[in-house]
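Presented as C-alpha coordinates, the chain that follows is alone, the form predicted alone.
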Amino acid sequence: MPPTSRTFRAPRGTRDAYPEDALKRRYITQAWRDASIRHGFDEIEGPTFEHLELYTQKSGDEIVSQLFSFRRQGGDDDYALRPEFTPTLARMYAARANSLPRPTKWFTAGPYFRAEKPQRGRLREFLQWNCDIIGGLFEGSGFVTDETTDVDRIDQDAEVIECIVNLLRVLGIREGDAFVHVNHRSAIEGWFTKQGVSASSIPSVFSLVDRRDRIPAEEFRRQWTALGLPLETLSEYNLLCELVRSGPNISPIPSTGGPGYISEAGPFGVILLPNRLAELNMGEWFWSNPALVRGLAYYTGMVFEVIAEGERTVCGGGRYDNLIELFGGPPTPAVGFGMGDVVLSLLLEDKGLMPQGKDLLDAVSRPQASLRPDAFVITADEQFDSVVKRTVATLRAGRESEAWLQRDDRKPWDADRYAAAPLHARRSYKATRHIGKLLKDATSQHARHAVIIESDQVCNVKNLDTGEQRENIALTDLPAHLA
(Lines give C-alpha, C1' and ligand atoms only; values in the text may rest on other atoms or scores of the structure.)
Protein backbone atom coordinates (compact mmCIF):
# COMPACT_ATOMS: atom_id res chain seq x y z
CA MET A 1 0.00 0.00 0.00
CA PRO A 2 1.25 3.53 -0.72
CA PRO A 3 2.27 5.49 2.37
CA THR A 4 -0.40 7.64 3.96
CA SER A 5 0.16 11.31 3.20
CA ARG A 6 0.74 13.67 6.12
CA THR A 7 0.75 17.44 6.40
CA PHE A 8 3.89 18.73 8.11
CA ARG A 9 4.17 22.01 9.94
CA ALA A 10 7.24 23.87 11.09
CA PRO A 11 8.50 22.57 14.45
CA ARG A 12 6.99 24.34 17.42
CA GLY A 13 8.90 27.45 18.37
CA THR A 14 10.34 28.01 14.88
CA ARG A 15 9.31 30.24 11.97
CA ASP A 16 8.94 29.88 8.22
CA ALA A 17 10.18 32.98 6.40
CA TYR A 18 8.44 33.65 3.10
CA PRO A 19 9.92 36.36 0.83
CA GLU A 20 8.54 39.42 2.68
CA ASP A 21 9.30 37.80 6.05
CA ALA A 22 12.88 37.19 4.93
CA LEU A 23 13.17 40.83 3.80
CA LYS A 24 11.99 42.03 7.21
CA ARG A 25 14.62 39.87 8.87
CA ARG A 26 17.21 41.32 6.50
CA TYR A 27 16.07 44.84 7.43
CA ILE A 28 16.80 44.08 11.09
CA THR A 29 20.04 42.13 10.62
CA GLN A 30 21.34 44.80 8.22
CA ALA A 31 20.59 47.49 10.83
CA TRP A 32 22.44 45.39 13.44
CA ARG A 33 25.45 45.02 11.17
CA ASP A 34 25.53 48.71 10.21
CA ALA A 35 25.35 49.82 13.85
CA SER A 36 28.16 47.44 14.82
CA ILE A 37 30.45 48.60 12.02
CA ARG A 38 29.82 52.31 12.64
CA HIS A 39 30.80 51.79 16.28
CA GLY A 40 34.08 50.10 15.41
CA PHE A 41 33.22 46.43 16.01
CA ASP A 42 34.75 43.75 13.77
CA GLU A 43 32.62 40.82 12.64
CA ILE A 44 33.37 37.25 13.73
CA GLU A 45 31.54 33.95 13.38
CA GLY A 46 31.49 30.74 15.39
CA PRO A 47 29.94 27.26 15.02
CA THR A 48 26.22 26.78 15.60
CA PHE A 49 26.98 23.93 18.01
CA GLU A 50 29.64 23.48 20.67
CA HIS A 51 30.80 20.84 23.13
CA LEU A 52 28.13 20.55 25.81
CA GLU A 53 30.82 21.03 28.47
CA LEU A 54 31.40 24.59 27.23
CA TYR A 55 27.97 25.53 28.60
CA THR A 56 27.99 23.41 31.75
CA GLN A 57 31.41 24.82 32.70
CA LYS A 58 29.96 28.33 32.66
CA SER A 59 26.41 27.73 33.96
CA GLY A 60 26.43 24.35 35.72
CA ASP A 61 24.71 21.05 34.87
CA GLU A 62 21.22 22.55 35.30
CA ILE A 63 21.68 24.36 31.97
CA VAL A 64 21.37 21.04 30.12
CA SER A 65 17.55 21.02 30.43
CA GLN A 66 17.44 24.36 28.58
CA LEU A 67 19.53 23.18 25.61
CA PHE A 68 19.06 21.10 22.49
CA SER A 69 21.87 18.63 23.17
CA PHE A 70 22.85 15.53 21.20
CA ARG A 71 25.49 12.86 20.65
CA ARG A 72 26.46 11.62 17.20
CA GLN A 73 25.45 7.99 16.66
CA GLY A 74 28.46 5.87 17.56
CA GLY A 75 30.30 8.90 18.97
CA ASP A 76 31.49 9.71 22.49
CA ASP A 77 31.22 13.49 22.57
CA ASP A 78 28.16 15.44 23.72
CA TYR A 79 27.24 18.61 21.84
CA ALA A 80 24.61 21.33 22.13
CA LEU A 81 23.12 23.81 19.70
CA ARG A 82 24.29 27.21 20.91
CA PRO A 83 21.80 29.05 23.17
CA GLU A 84 24.01 32.17 23.32
CA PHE A 85 27.36 33.39 22.01
CA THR A 86 29.32 34.46 25.11
CA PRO A 87 30.98 31.06 25.78
CA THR A 88 32.03 30.78 22.12
CA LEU A 89 33.38 34.32 22.22
CA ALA A 90 35.34 33.57 25.42
CA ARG A 91 36.76 30.40 23.89
CA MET A 92 37.79 32.19 20.70
CA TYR A 93 39.38 35.11 22.55
CA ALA A 94 41.27 32.85 24.98
CA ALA A 95 42.78 30.93 22.03
CA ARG A 96 44.47 34.05 20.62
CA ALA A 97 44.51 36.47 23.56
CA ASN A 98 48.19 37.37 23.23
CA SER A 99 47.93 38.42 19.56
CA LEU A 100 44.68 40.39 19.66
CA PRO A 101 44.36 44.21 19.90
CA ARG A 102 43.62 45.93 23.20
CA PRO A 103 40.73 46.26 23.45
CA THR A 104 39.19 43.76 21.03
CA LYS A 105 35.75 44.77 19.72
CA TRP A 106 33.75 41.95 18.11
CA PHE A 107 30.21 41.48 16.86
CA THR A 108 28.24 38.62 15.36
CA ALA A 109 24.65 37.86 14.37
CA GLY A 110 23.12 34.49 13.60
CA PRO A 111 20.76 31.70 14.69
CA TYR A 112 20.52 30.44 18.29
CA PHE A 113 18.47 27.71 19.95
CA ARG A 114 16.83 27.23 23.34
CA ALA A 115 14.73 24.28 24.46
CA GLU A 116 12.10 26.31 26.30
CA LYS A 117 8.35 26.72 26.14
CA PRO A 118 7.52 28.96 23.17
CA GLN A 119 5.54 32.13 23.90
CA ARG A 120 5.14 35.62 22.48
CA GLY A 121 8.61 37.08 22.18
CA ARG A 122 10.41 33.79 23.02
CA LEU A 123 11.01 31.04 20.46
CA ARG A 124 13.15 27.93 20.30
CA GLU A 125 15.03 29.19 17.25
CA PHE A 126 15.81 32.89 16.84
CA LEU A 127 18.35 35.35 15.53
CA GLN A 128 20.59 37.22 17.95
CA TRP A 129 23.02 40.13 17.68
CA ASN A 130 26.02 40.24 20.02
CA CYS A 131 28.59 43.00 20.58
CA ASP A 132 31.47 42.74 23.05
CA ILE A 133 34.48 44.80 24.11
CA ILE A 134 37.18 42.56 25.53
CA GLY A 135 40.32 43.73 27.29
CA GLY A 136 41.60 47.25 27.65
CA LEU A 137 44.30 49.36 29.21
CA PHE A 138 44.29 47.29 32.38
CA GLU A 139 44.24 43.76 30.96
CA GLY A 140 46.90 41.17 31.65
CA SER A 141 48.93 40.63 34.78
CA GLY A 142 47.73 42.80 37.63
CA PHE A 143 44.97 44.69 35.78
CA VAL A 144 43.11 47.11 38.00
CA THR A 145 39.93 45.80 39.59
CA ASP A 146 39.14 48.81 41.77
CA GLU A 147 36.50 50.69 39.79
CA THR A 148 37.37 53.96 41.50
CA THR A 149 40.50 54.02 39.31
CA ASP A 150 39.27 52.15 36.23
CA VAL A 151 37.69 54.92 34.13
CA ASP A 152 38.53 52.92 31.00
CA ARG A 153 36.04 50.25 32.05
CA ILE A 154 33.23 52.79 32.46
CA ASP A 155 33.96 54.21 28.99
CA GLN A 156 33.58 50.71 27.55
CA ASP A 157 30.28 50.19 29.38
CA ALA A 158 29.00 53.45 27.89
CA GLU A 159 30.26 52.49 24.44
CA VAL A 160 28.27 49.26 24.19
CA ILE A 161 25.14 51.07 25.40
CA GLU A 162 25.79 53.82 22.82
CA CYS A 163 25.77 51.19 20.07
CA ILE A 164 22.37 49.88 21.21
CA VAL A 165 20.80 53.32 21.57
CA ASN A 166 21.95 54.40 18.09
CA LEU A 167 20.57 51.17 16.63
CA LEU A 168 17.18 51.87 18.23
CA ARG A 169 17.23 55.47 17.01
CA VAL A 170 17.95 54.35 13.44
CA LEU A 171 14.94 52.02 13.63
CA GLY A 172 12.70 54.84 14.87
CA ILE A 173 12.55 53.93 18.57
CA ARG A 174 13.02 57.06 20.66
CA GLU A 175 13.51 58.14 24.25
CA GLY A 176 10.24 57.30 25.98
CA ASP A 177 9.59 54.27 23.78
CA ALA A 178 12.37 52.37 25.56
CA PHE A 179 14.84 52.90 28.40
CA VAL A 180 18.19 51.41 29.34
CA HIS A 181 17.68 49.98 32.85
CA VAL A 182 21.02 49.83 34.66
CA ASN A 183 22.17 48.33 37.95
CA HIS A 184 25.42 47.15 39.52
CA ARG A 185 25.88 43.63 40.85
CA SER A 186 27.98 44.82 43.79
CA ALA A 187 25.25 47.23 44.86
CA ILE A 188 22.41 44.71 44.85
CA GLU A 189 24.63 41.97 46.34
CA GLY A 190 25.53 44.36 49.17
CA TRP A 191 21.86 45.08 49.75
CA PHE A 192 20.98 41.37 50.06
CA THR A 193 23.99 40.78 52.32
CA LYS A 194 22.81 43.51 54.70
CA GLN A 195 19.40 41.85 54.69
CA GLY A 196 21.07 38.73 56.10
CA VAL A 197 21.44 36.64 52.91
CA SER A 198 24.59 34.54 53.04
CA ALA A 199 27.23 34.81 50.31
CA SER A 200 26.66 31.17 49.34
CA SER A 201 22.96 31.88 48.70
CA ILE A 202 23.50 34.94 46.49
CA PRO A 203 23.74 33.03 43.14
CA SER A 204 20.47 31.18 43.83
CA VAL A 205 18.78 34.39 44.94
CA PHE A 206 19.94 36.21 41.81
CA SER A 207 18.70 33.38 39.61
CA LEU A 208 15.29 33.60 41.26
CA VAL A 209 14.85 37.38 41.28
CA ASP A 210 15.91 37.46 37.62
CA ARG A 211 12.69 35.50 36.92
CA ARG A 212 10.52 37.70 39.14
CA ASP A 213 8.46 39.17 36.30
CA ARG A 214 8.09 35.87 34.45
CA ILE A 215 6.49 33.70 37.15
CA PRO A 216 3.33 34.18 39.25
CA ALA A 217 3.76 36.06 42.53
CA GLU A 218 2.72 33.06 44.60
CA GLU A 219 5.24 30.81 42.85
CA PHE A 220 7.95 33.42 43.40
CA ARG A 221 7.02 33.56 47.09
CA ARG A 222 7.16 29.75 47.32
CA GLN A 223 10.61 29.54 45.71
CA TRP A 224 11.80 32.42 47.91
CA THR A 225 10.91 30.57 51.11
CA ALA A 226 12.32 27.32 49.64
CA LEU A 227 15.70 29.07 49.56
CA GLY A 228 15.35 29.67 53.30
CA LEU A 229 14.85 33.42 52.91
CA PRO A 230 12.59 35.24 55.38
CA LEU A 231 9.38 36.83 54.12
CA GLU A 232 10.42 40.11 55.75
CA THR A 233 13.30 40.29 53.27
CA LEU A 234 10.86 39.62 50.41
CA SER A 235 8.75 42.57 51.52
CA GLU A 236 11.84 44.78 51.60
CA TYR A 237 12.86 43.60 48.15
CA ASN A 238 9.39 44.20 46.70
CA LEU A 239 9.58 47.74 48.10
CA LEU A 240 12.94 48.18 46.42
CA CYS A 241 11.48 47.02 43.11
CA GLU A 242 8.76 49.65 43.31
CA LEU A 243 11.46 52.27 42.76
CA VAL A 244 11.56 51.42 39.06
CA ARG A 245 8.05 52.86 38.71
CA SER A 246 9.27 56.32 39.65
CA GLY A 247 10.59 57.00 36.14
CA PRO A 248 13.89 57.48 34.34
CA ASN A 249 16.66 59.68 35.64
CA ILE A 250 20.30 60.39 34.88
CA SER A 251 21.30 60.61 38.53
CA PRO A 252 22.86 57.67 40.42
CA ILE A 253 20.60 54.99 41.85
CA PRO A 254 18.49 56.87 44.44
CA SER A 255 19.36 56.72 48.12
CA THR A 256 15.72 55.77 48.75
CA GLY A 257 16.70 52.29 47.68
CA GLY A 258 16.58 51.23 51.31
CA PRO A 259 19.18 51.10 54.07
CA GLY A 260 22.50 49.85 52.80
CA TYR A 261 21.52 49.61 49.12
CA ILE A 262 24.70 51.40 48.12
CA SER A 263 27.42 52.96 50.20
CA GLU A 264 27.67 56.73 50.42
CA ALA A 265 29.97 56.77 47.39
CA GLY A 266 28.44 53.73 45.75
CA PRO A 267 30.17 51.48 43.22
CA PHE A 268 32.07 53.78 40.90
CA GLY A 269 30.14 52.63 37.82
CA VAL A 270 26.83 53.55 39.42
CA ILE A 271 28.01 57.11 39.92
CA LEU A 272 29.95 57.72 36.70
CA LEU A 273 28.08 55.76 34.00
CA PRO A 274 25.00 58.04 33.81
CA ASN A 275 27.32 61.03 33.42
CA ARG A 276 29.14 59.30 30.56
CA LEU A 277 25.84 58.52 28.84
CA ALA A 278 24.70 62.12 29.24
CA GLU A 279 27.96 63.34 27.63
CA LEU A 280 27.19 61.08 24.64
CA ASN A 281 23.64 62.48 24.32
CA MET A 282 22.01 59.39 25.81
CA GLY A 283 21.14 60.66 29.29
CA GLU A 284 17.38 60.50 28.67
CA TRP A 285 17.63 56.77 27.97
CA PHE A 286 19.10 55.98 31.42
CA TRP A 287 16.93 54.41 34.11
CA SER A 288 18.36 53.36 37.48
CA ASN A 289 16.77 50.00 38.28
CA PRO A 290 17.72 48.42 41.63
CA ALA A 291 15.52 45.42 40.82
CA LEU A 292 17.68 44.38 37.86
CA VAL A 293 20.17 41.55 38.54
CA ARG A 294 20.42 39.40 35.40
CA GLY A 295 20.70 35.96 36.96
CA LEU A 296 23.67 34.61 35.00
CA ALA A 297 26.49 33.96 37.44
CA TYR A 298 29.32 35.28 35.26
CA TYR A 299 28.30 38.97 35.50
CA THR A 300 30.68 40.91 37.75
CA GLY A 301 29.65 44.59 37.73
CA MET A 302 27.35 46.77 35.67
CA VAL A 303 24.31 44.98 34.23
CA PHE A 304 21.62 46.43 32.00
CA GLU A 305 18.51 45.69 29.96
CA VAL A 306 16.70 47.74 27.34
CA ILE A 307 13.03 47.62 28.25
CA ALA A 308 10.31 48.93 25.94
CA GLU A 309 6.92 50.19 27.05
CA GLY A 310 7.58 49.16 30.62
CA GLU A 311 7.66 45.40 30.13
CA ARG A 312 9.33 44.04 26.99
CA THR A 313 13.03 43.26 27.32
CA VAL A 314 14.61 44.06 23.96
CA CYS A 315 18.18 43.17 24.92
CA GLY A 316 20.43 42.70 27.92
CA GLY A 317 24.04 42.47 28.93
CA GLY A 318 26.69 43.59 31.35
CA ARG A 319 30.26 43.28 32.52
CA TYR A 320 31.91 39.85 32.87
CA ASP A 321 35.51 40.36 33.97
CA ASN A 322 36.26 36.74 34.96
CA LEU A 323 34.86 34.69 32.08
CA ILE A 324 37.84 34.75 29.69
CA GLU A 325 40.03 33.37 32.47
CA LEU A 326 37.52 30.56 33.05
CA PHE A 327 38.11 29.41 29.47
CA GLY A 328 41.90 29.37 29.72
CA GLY A 329 42.72 32.97 28.81
CA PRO A 330 44.49 35.63 30.88
CA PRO A 331 42.58 37.81 33.39
CA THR A 332 40.63 40.06 31.03
CA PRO A 333 37.91 42.66 31.61
CA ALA A 334 34.96 42.41 29.21
CA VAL A 335 31.50 43.84 28.61
CA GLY A 336 28.84 43.00 26.04
CA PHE A 337 25.20 42.37 25.20
CA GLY A 338 22.84 40.21 23.17
CA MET A 339 19.68 41.31 21.31
CA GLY A 340 17.21 38.86 19.77
CA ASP A 341 15.16 39.59 16.67
CA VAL A 342 11.82 38.28 17.99
CA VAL A 343 10.92 40.96 20.55
CA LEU A 344 12.49 43.68 18.38
CA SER A 345 10.39 42.61 15.37
CA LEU A 346 7.19 42.61 17.43
CA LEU A 347 8.02 46.04 18.82
CA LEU A 348 8.62 47.51 15.37
CA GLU A 349 5.43 45.96 13.98
CA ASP A 350 3.32 47.14 16.93
CA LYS A 351 4.60 50.71 16.60
CA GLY A 352 4.27 50.88 12.80
CA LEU A 353 8.04 51.05 12.39
CA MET A 354 8.49 48.06 10.08
CA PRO A 355 8.55 49.12 6.40
CA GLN A 356 6.26 47.33 3.95
CA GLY A 357 6.17 46.78 0.19
CA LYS A 358 8.36 49.11 -1.86
CA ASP A 359 9.51 50.94 1.29
CA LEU A 360 10.91 47.67 2.58
CA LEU A 361 12.63 46.95 -0.73
CA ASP A 362 14.13 50.44 -0.81
CA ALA A 363 15.28 50.24 2.82
CA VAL A 364 17.03 46.89 2.34
CA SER A 365 18.59 48.06 -0.95
CA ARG A 366 20.36 51.11 0.52
CA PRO A 367 24.18 51.09 0.83
CA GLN A 368 25.46 49.46 4.00
CA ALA A 369 27.90 51.01 6.46
CA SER A 370 31.44 51.35 5.17
CA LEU A 371 33.77 48.64 6.43
CA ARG A 372 36.62 51.14 6.15
CA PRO A 373 36.39 53.77 8.91
CA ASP A 374 35.19 57.07 7.46
CA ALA A 375 36.89 58.97 10.30
CA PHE A 376 39.55 58.18 12.89
CA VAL A 377 39.44 60.89 15.57
CA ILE A 378 42.60 61.74 17.55
CA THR A 379 44.18 64.54 19.57
CA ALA A 380 47.63 65.40 20.89
CA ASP A 381 46.19 67.23 23.89
CA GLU A 382 44.77 65.29 26.83
CA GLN A 383 42.38 68.11 27.72
CA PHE A 384 40.44 67.39 24.50
CA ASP A 385 39.84 63.68 25.16
CA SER A 386 36.18 64.37 25.95
CA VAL A 387 35.88 66.29 22.64
CA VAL A 388 37.25 63.23 20.81
CA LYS A 389 34.60 60.99 22.40
CA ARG A 390 31.78 63.44 21.68
CA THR A 391 32.92 63.90 18.08
CA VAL A 392 33.03 60.15 17.50
CA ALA A 393 29.55 59.79 19.02
CA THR A 394 28.17 62.62 16.87
CA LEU A 395 29.58 61.14 13.65
CA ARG A 396 28.20 57.69 14.47
CA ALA A 397 24.71 59.05 15.20
CA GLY A 398 24.45 61.35 12.18
CA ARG A 399 22.32 64.50 12.03
CA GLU A 400 18.67 64.42 11.02
CA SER A 401 17.38 67.03 8.59
CA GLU A 402 15.05 69.81 9.72
CA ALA A 403 12.63 69.04 6.89
CA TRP A 404 12.31 65.43 8.06
CA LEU A 405 11.96 66.39 11.73
CA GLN A 406 9.13 68.81 10.95
CA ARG A 407 7.01 66.25 9.07
CA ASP A 408 4.23 64.58 11.07
CA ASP A 409 4.23 61.51 8.82
CA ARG A 410 8.00 60.93 8.90
CA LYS A 411 9.29 57.34 8.91
CA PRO A 412 12.78 56.11 9.88
CA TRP A 413 13.43 54.75 6.38
CA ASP A 414 12.64 58.03 4.52
CA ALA A 415 15.34 58.90 1.99
CA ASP A 416 15.57 62.51 3.25
CA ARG A 417 15.98 61.63 6.92
CA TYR A 418 19.61 62.66 7.35
CA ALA A 419 21.32 65.97 6.65
CA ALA A 420 24.53 64.18 7.68
CA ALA A 421 24.33 60.38 7.46
CA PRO A 422 25.70 58.18 10.28
CA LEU A 423 29.35 57.30 9.65
CA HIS A 424 31.83 54.63 10.68
CA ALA A 425 33.95 56.52 13.22
CA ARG A 426 36.71 55.24 15.48
CA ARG A 427 39.16 56.64 18.01
CA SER A 428 42.51 55.39 19.24
CA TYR A 429 42.67 53.41 22.48
CA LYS A 430 46.44 53.92 22.74
CA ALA A 431 47.85 55.95 25.62
CA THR A 432 50.32 57.82 23.42
CA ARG A 433 49.90 61.54 22.59
CA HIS A 434 52.36 61.40 19.69
CA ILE A 435 50.45 62.46 16.55
CA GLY A 436 52.70 60.38 14.29
CA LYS A 437 51.94 57.21 16.25
CA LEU A 438 48.23 58.03 16.35
CA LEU A 439 48.19 58.58 12.58
CA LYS A 440 49.96 55.23 12.20
CA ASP A 441 47.17 53.66 14.28
CA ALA A 442 44.58 55.25 11.95
CA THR A 443 46.43 53.97 8.88
CA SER A 444 46.75 50.44 10.31
CA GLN A 445 42.95 50.37 10.67
CA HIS A 446 42.57 51.53 7.03
CA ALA A 447 40.70 54.73 7.89
CA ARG A 448 39.90 57.13 5.05
CA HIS A 449 40.35 60.29 7.12
CA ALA A 450 42.13 61.26 10.32
CA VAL A 451 40.31 63.95 12.29
CA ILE A 452 42.81 65.79 14.49
CA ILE A 453 41.09 67.69 17.30
CA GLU A 454 42.81 71.06 17.90
CA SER A 455 40.27 72.63 20.30
CA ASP A 456 36.70 72.13 21.48
CA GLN A 457 35.48 73.75 18.24
CA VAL A 458 38.10 73.17 15.53
CA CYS A 459 39.88 70.22 13.89
CA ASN A 460 42.16 69.36 10.99
CA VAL A 461 41.18 66.63 8.52
CA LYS A 462 43.82 64.53 6.76
CA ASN A 463 42.91 62.31 3.82
CA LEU A 464 44.95 59.17 4.53
CA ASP A 465 44.72 57.96 0.92
CA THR A 466 46.08 61.14 -0.71
CA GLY A 467 47.92 62.83 2.18
CA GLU A 468 45.96 66.06 1.65
CA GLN A 469 45.21 67.97 4.88
CA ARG A 470 42.58 70.66 5.48
CA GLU A 471 42.93 72.81 8.57
CA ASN A 472 40.78 74.86 10.95
CA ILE A 473 37.53 73.07 10.15
CA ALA A 474 34.64 73.75 12.51
CA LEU A 475 33.46 70.56 14.21
CA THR A 476 29.88 71.47 13.24
CA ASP A 477 30.95 71.34 9.56
CA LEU A 478 33.00 68.14 9.90
CA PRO A 479 30.65 65.65 8.15
CA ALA A 480 30.80 67.64 4.90
CA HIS A 481 34.59 67.18 4.81
CA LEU A 482 34.39 63.38 5.21
CA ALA A 483 32.39 62.63 2.07
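Residue indices: 1-based, along the sequence shown. What you see is a predicted model; the values in this text were computed from it and never measured.
This next part talks about the form predicted together with a further copy of the same chain, which is not shown.
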{"property": "Location of a further copy of the same chain contact in the predicted complex, chosen stretch of 178-186, 156-164, 400-408, 121-129 [non-hydrogen atom, 4.5 Å]", "result": "121-129"}
{"property": "4.5 Å heavy atom contact, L326 to a further copy of the same chain in the predicted complex", "result": "yes"}
{"property": "a further copy of the same chain contact in the predicted complex: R390, any heavy atom under 4.5 Å", "result": "no"}
{"property": "Touches a further copy of the same chain in the predicted complex: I435 (any heavy atom, 4.5 Å)", "result": "no"}
{"property": "Heavy atom of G467 within 4.5 Å of a further copy of the same chain in the predicted complex", "result": "no"}
{"property": "Non-hydrogen atom within 4.5 Å of a further copy of the same chain in the predicted complex for each of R214, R221 and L229", "result": "no"}
{"property": "Residue (of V151, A95, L239, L353) lying close to a further copy of the same chain in the predicted complex, criterion heavy atoms within 4.5 Å", "result": "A95"}
{"property": "Partner contacts for 94-120, taking a further copy of the same chain in the predicted complex and a 4.5 Å heavy atom cut-off", "result": "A95, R96, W106, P111, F113, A115"}
